[in-house]
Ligand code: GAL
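Take a look at this single chain, the form predicted alone, given in structure tokens.
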């Protein structure tokens, strides 16, 4: 398996041979091949099977699983089993268990029961990873690796153990060098919080009232770097013993406890786990949207993560060799973890897969092969039913395989003219000190991202770096709470149109109000000063003169004489301001206002956009254009085809339909 991107897009599946009788394995492998599946992920939860007693490995069953899968020319993605340490290991070092913010130990009995900072557990992870890599690292069927599984799942990134406390104190000492410097940076003169030495600092938990936000943001940064170090420990071992095989990790949706860009710098493939209906129910939180998109999923939520992790896949090797997968794709059926589990609409599963392929995914891998009849995931549908007979997802694989063979798309990473900034520091700050309970950096970015999608724009989601914005025509930065000085400098040197706000530049790196008031150093681009933020509940929006509204957030802005006011509130205060190439939104717009501001910025940047039918989305993939219908009615999309020819689907796009245009033959 080469480190280079795949030349074609294909399907995969997550398989647990240890769950089923060995005499069933050949039939499973044969059925996978017949359905067009190429990649099979195994092993990521199997530590107790691989090492049933301390130091006594049983490779025999995994050797046979490799042999059976390879006999059908299936390519194996091998997971390190470090997300599920066995009971004997927990008993040997019980202090490896994580402790929650309530001070309670989170014990054995499910998964992810470890603290990232525990040195003893890190050593055990290195040992099992090395043993796996030495045995299977050059196996001809081994195509790729996956480190661990879903880092931080079940809110386990932030651990409050003695090991984490010791590591946090060491980290702070390295960052600040002196306790006086830390006290000044954190503003510890407030409420008499000053420390005499680093050993006096505790983990941010259990206080009577609000904790110091500077303490909290440093703890978030520390915890993120612990994940980076934990992952790097495994990738370095794998590269020594399994050279030439790409390494991946499967990230999650709307999960920001660590910096995915930083972890991805040690990976060849960024992957994530996509569950559109589960996310709609658990993460969106809007009953109207949940009703509107029930059975198909939010049209922009999973797409946002496709684009985020597509960028993560470029962190190690850059755009040309950037790689990303969907490692776990919800099959067209219910989940085990949803509060409610509506049945996917006809065609929804196909739409999910093609949305990922259109975004450049090399592999879309279904979770899971067979629905289990035991343990925690009994109600999670697979490609097969619990009795081993085909379910709807199996037939979907055959359908997608046939379409791939006809269309023959390739994974494409085309740099967009439009970039939207997503920043983990800004997300953490908006969580730590929320000015409104329903507002965050992610929420603001998703609103702007959705407006760009409604305008038919294929957009890149990028970190706030000079490299990420080079050559762009439009840069969108919603609620970029902390804008690094180097990034501000890069913006000042860019010819792009910049659409920023609200609350952009509101905090310095140490979580204080910047000198001279927000937006801090961005005042060099637009001469405004943020004097006050007013937030309200959803029933009390702020009306603008044009009839649109700010949805519960507006800012009191003082503007210099070179700043133009493009729009005002009904009460006369500035709502949208511009100086040169920079536009600032002094509030959080409703959908209509978001659309208006995005399209104005696109026009200024000379980026063409499309007035799409409601709930229709378009995505460019090299020479191909994909059109998706997330709505409830059939749409005539003939006006979108232009001089292209129809490659897949129809011009009357049914609900959950997918159509593809391409160059005329």
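As the structure is a computational prediction, the values presented were derived from the model and not from experiment. Positions refer to the first chain, counted from 1.
This next part talks about the form predicted in complex with the ligand, which is not shown.
Look at 128-136, 165-173, 535-543, 143-151: in the predicted complex, residues with non-hydrogen atoms within 4.5 angstroms of the ligand sit in 143-151. Residue contact with the ligand in the predicted complex: residue 609 places no heavy atom within 4.5 Å of it. Contact annotation: residue 45 falls within 4.5 Å of the ligand in the predicted complex, judged by heavy atom distances.
Interface membership of residue 111, defined by any non-hydrogen atom within 4.5 Å of the ligand in the predicted complex, is confirmed. In the predicted complex, no heavy atom of residue 292 sits within 4.5 Å of the ligand.
Candidate site formed by 250, 273 and 367: every one of these residues places a non-hydrogen atom within 4.5 angstroms of the ligand in the predicted complex. A heavy atom within 4.5 Å of the ligand in the predicted complex is found for one listed residue only; from 377, 72, 595, 266, this is 377.
With the partner removed from view, the residue among 124, 259, 555, 328 that has a non-hydrogen atom within 4.5 Å of the ligand in the predicted complex turns out to be 328.
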